[in-house]
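Let's start with one chain on its own, the form predicted alone, as structure tokens.
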């Protein structure tokens, strides 16, 4: 079944997944969503998770890149996002790049923006949902930029032995996570000075060009209504894995993302173990869907 990505062009985490389609040379379908709330089509499928991106495979909905990439890996194992010799260490590196380093790159990219550059709607959305304070971000920008530049120097040093990618000859999840951060900084005109400093590092610049050249696979566009209809016509795939105590199968639960002001997703628990979280829920238009989350970064609460 063709995967569907719900995303918007400027999202760095969406760029990570788009580049992932390129690594696997996959055909995929694109649903463009707003970069601010509301996102009614996406919320219909997820039950309220409105961060970007979301992956859909039939009636299975995957939230967060840490759930999305393993889903694509299962759909098409070769070439792997977790090539030897690093293997699953790619996930560890990507979690660091997508966690504290992502926030450092947000500061490096956005902290120097003049007032009004992003539009009041965007600022209000991020303030309400994530506590974004542009004045505080501006004050922290020198520190955050130093953190992003430190990571850039580490990456350049790693690549300076001649390896093509972080783990060796093949690109993996770690490459995609670092790439998305740097891509975001480069995309913001007000961060040109920081981007120039990053791309002055020769091994990093050559590596970035290699990742960028991989492309985005083969994309075709569909509407949110099309995606909902696809979910309604499908059934969730069989769910494997255990449910860790103190929770039980079928128990009503709420799943909330750490650090987000968005409402939790409610459903019946179908999996809860170190490999991830799955809840089954009913949508008014999409019918029964399985909503998948990574285990890290998600709170599971009794419903």
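Owing to the predicted nature of the structure, the values given are computational and were not obtained by experimental measurement. Numbering follows the first chain given and starts at 1.
The same protein also exists as the form predicted together with a small molecule; that form is not shown, yet it is the one meant from here on.
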Problem - Residue among 35, 30, 251, 275 with a heavy atom within 4.5 Å of the small molecule in the predicted complex - result: 35
Practice task
With heavy atoms only and a cut-off of 4.5 Å, decide whether residue 47 touches the small molecule in the predicted complex.
Solution key: no
Practice task
May I ask you to check whether residue 268 falls inside a 4.5 Å heavy atom distance of the small molecule in the predicted complex?
Solution key: no
Handout entry: residue 53: touches the small molecule in the predicted complex, heavy atom cutoff 4.5 angstroms
Key = yes
Practice task
Using a 4.5 Å heavy atom cut-off, state whether residue 21 contacts the small molecule in the predicted complex.
Solution key: no
Handout entry: Among 124 to 132, 227 to 235, 193 to 201, 158 to 166, the region lying within 4.5 Å of the small molecule in the predicted complex by heavy atom distance
Key = 124 to 132
Practice task
Decide yes or no: are 11, 39 and 64 jointly within 4.5 Å of the small molecule in the predicted complex, with each residue judged by its heavy atoms?
Solution key: yes
